[in-house]
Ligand SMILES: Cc1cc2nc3c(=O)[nH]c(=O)nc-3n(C[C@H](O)[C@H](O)[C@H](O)COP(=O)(O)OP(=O)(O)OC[C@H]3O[C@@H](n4cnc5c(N)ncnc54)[C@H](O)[C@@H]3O)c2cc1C
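Coming up is one lone chain in structure tokens, specifically the form predicted on its own.
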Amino acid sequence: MVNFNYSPVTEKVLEDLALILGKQNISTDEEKIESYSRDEVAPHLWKEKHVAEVVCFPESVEQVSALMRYANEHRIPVTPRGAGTGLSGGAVPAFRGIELSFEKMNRILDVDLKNLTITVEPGVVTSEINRTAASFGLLYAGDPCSGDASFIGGNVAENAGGNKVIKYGPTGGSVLGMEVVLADGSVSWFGGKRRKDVTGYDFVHLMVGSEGTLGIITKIVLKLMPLPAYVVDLLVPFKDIPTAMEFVPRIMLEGKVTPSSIEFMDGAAIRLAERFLSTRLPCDDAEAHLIIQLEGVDRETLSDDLERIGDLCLAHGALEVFVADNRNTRDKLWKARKSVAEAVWAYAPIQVANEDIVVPTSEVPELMAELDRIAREKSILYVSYGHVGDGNMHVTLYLEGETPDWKEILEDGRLELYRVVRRLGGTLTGEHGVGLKRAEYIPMFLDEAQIDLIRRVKLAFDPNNILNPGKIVPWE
């Protein structure tokens, strides 16, 4: 098994890091270190406390290269960090060492209108990329619900999905190339602005979703496409979850259109979001809501699609079809969808388990039925919402009131949910990543041969195992 004996960050190491990065770019302030040593996974959920020894803020690839060369030579673990919006403990320093924040590498470097690409540093906020592309009449298709806060580097590291996966794919579908600093400090480019490339292995898409365990991404080339001329969102309430779920595949099969989004919120999610935002949505007493987003190149085509899909909704159990065809109503609708996770944390901040399960889309109805069974049998409350169009459901199990054995109750529920997901041909994370949070459960979904292969790939890139060690698969 891998040796996890690392060198501590001594006063001499701090002096050397200051020479590499500048004194202003390192911090040993205890409060800052503690805040940078976590993501959105509540710290009390870890079995032990994980805190880095120093936080570093590089400003260039040269500084990242020099830091990695030094850390590799001295065997000091390095944990890359984006905005800290992750939900898997990916940015949590499992073995202390250096926490590497990319907030100062936050420039948009190039918008190439001839090649339809945008090149950015990892610390750029995702929504800034969206706005920049739109200012040129172009679209960056990445749209995670955390886009107003998350960094693009974190999106790439986790292969974030988001709301438009059904039409455009996850983050990795937009990544054409990247500059990467390897564990020994060497710098390489994987891919580029070209759209086709089978020269050697596809390291671009090996890096995407690798959670900072194989290399440090310092530049990213993203593809752009024409911005849709017209967009409309439908809020479609159903009396119950099975009716809503059974309808979803009909949108494409019978409606003959590929929506950019098909999002789902159960009744509990809707009502929590309303409470959190102090707002009201139509038919908030319904037990299931779909958000269906349609795009079109002209008004007439979009109007035809809208009418066809609206009629199809009503023919298959929809209580109503509410059309959001202007910016204000669309923003209100999406603000509710994107705030569900925050709403859950606001009202059940401790006794909670956030899951990111994914099954084949055909199995979503049974998954939801099984989720309801598990919750009833184990007296657990739940909220479910997510990207139903691609089978990626966000399920939050939680308990209200003071329950001394809440961890054991929720763990029992989570394990039962995982067993259902495995039986349905699914897996335990669709976009949030394995990180530290889910590594121990990987043997439920991957066989030992594949787990061993993951370890060997990791050590081929990082022989001293200093890059975000302890993540993705069990190591001990």
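Heads up: residue numbers just count along the shown sequence, starting at 1. This is a predicted model, so every value here is computed, not measured.
Heads up, the form predicted in complex with the ligand isn't pictured, but that's what we're talking about next.
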Listed residue (Thr396, Thr132, Ser146, Asn106) with a non-hydrogen atom within 4.5 angstroms of the ligand in the predicted bound form: Ser146
Which of these residues, Val232, Ala341, Val204, Leu281, gets a heavy atom within 4.5 Å of the ligand in the predicted bound form? Ala341
So which stretch, 216-224, 188-196, 325-333, 288-296, is the one near the ligand in the predicted bound form (non-hydrogen atoms, 4.5 Å)? 216-224
Please check if Ser174 has a heavy atom lying within 4.5 Å of any heavy atom of the ligand in the predicted bound form. no
Are any of the heavy atoms in Thr85 no more than 4.5 Å from a heavy atom of the ligand in the predicted bound form? yes
Non-hydrogen atom contact Glu59 with the ligand in the predicted bound form at 4.5 angstroms: no
In the predicted bound form, does Glu355 have a heavy atom within 4.5 Å of the ligand? no
Hey, which residues along 144-167 are within 4.5 angstroms of the ligand in the predicted bound form, non-hydrogen atoms only? Pro144, Cys145, Ser146, Ser150, Phe151, Gly153, Gly154, Asn155, Ala157, Glu158, Ala160, Gly161, Gly162
